[in-house]
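In structure tokens, the next block holds one chain alone, the form predicted on its own.
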Amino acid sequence: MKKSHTKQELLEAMARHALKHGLNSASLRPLAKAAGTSDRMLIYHFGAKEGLIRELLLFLANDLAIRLDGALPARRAKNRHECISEIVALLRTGPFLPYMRVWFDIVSSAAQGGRDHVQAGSVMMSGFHAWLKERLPQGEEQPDALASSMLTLVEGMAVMDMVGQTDMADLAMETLFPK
């Protein structure tokens, strides 16, 4: 008889699988196997594949935010350049690259009309926007606009990194947010 898993344990196991193998080919059977359960038990816990994917995406986003908080100093940045450069440098390291690959799976599915991916991606971006605003230097006059600009630049830089254009991405960061 298989061990009964909590929803949290299932999400943790499926997140490890997604970070290793991506989401584009995520189907119930491989996710269930990775979680040590059956596809029927996943449906029992999450209602449907769409609900499972939505909860998995939000779990991964929360996990990334926790890891970023743990890796970055618990303070506001001294200036705009420090704020964005710390985040970009961290996202380019080994522990965070799998999250970026999964993010591109989410964006790809959203671009193809995946409603759950669009919704989850929107929630994730809103969460990261709020997280970034808390890291901005004290006294910024337009924190919403600045966080939006920085988040958009980080996303663009991630795309450039994925296609081998890191130098171009760095130039954009230095131009828009000089030291």
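Remember, predicted model here, so these are calculated numbers, not experimental data. When you see a residue number, it is the position in the sequence shown, counting from 1.
Quick note: we don't show the form predicted in complex with another copy of the chain, though the next part is all about it.
Checklist entry - Of 64-72, 29-37, 125-133, 51-59, which is the one stretch near another copy of the chain in the predicted complex, taking non-hydrogen atoms within 4.5 angstroms as near? => result Flagged stretch: 125-133.
Next on the checklist: Using a 4.5 angstroms cut-off on non-hydrogen atoms, would L10 count as touching another copy of the chain in the predicted complex?
Outcome noted: No, L10 is distant from the partner.
Next on the checklist: If we define contact as a non-hydrogen atom of the residue within 4.5 angstroms of the partner, is Q138 a contact of another copy of the chain in the predicted complex?
Outcome noted: It does not: once another copy of the chain is placed as it appears in the predicted complex, Q138 has no heavy atom within 4.5 Å of it.
Next on the checklist: Can you work out whether M157 and another copy of the chain are in contact in the predicted complex, taking contact to mean some heavy atom pair no more than 4.5 Å apart?
Outcome noted: Residue-level check for M157: yes, a contact with another copy of the chain.
Item to check | Interface membership of S85, another copy of the chain in the predicted complex, 4.5 Å heavy atom rule | outcome: No, S85 is distant from the partner.
Checklist entry - Using a 4.5 Å cut-off on heavy atoms, which residues of 146-166 contact another copy of the chain in the predicted complex? => result S148, S149, L151, T152, L153, E155, G156, M157, V159, M160, M162, V163, G164, Q165, in sequence order.
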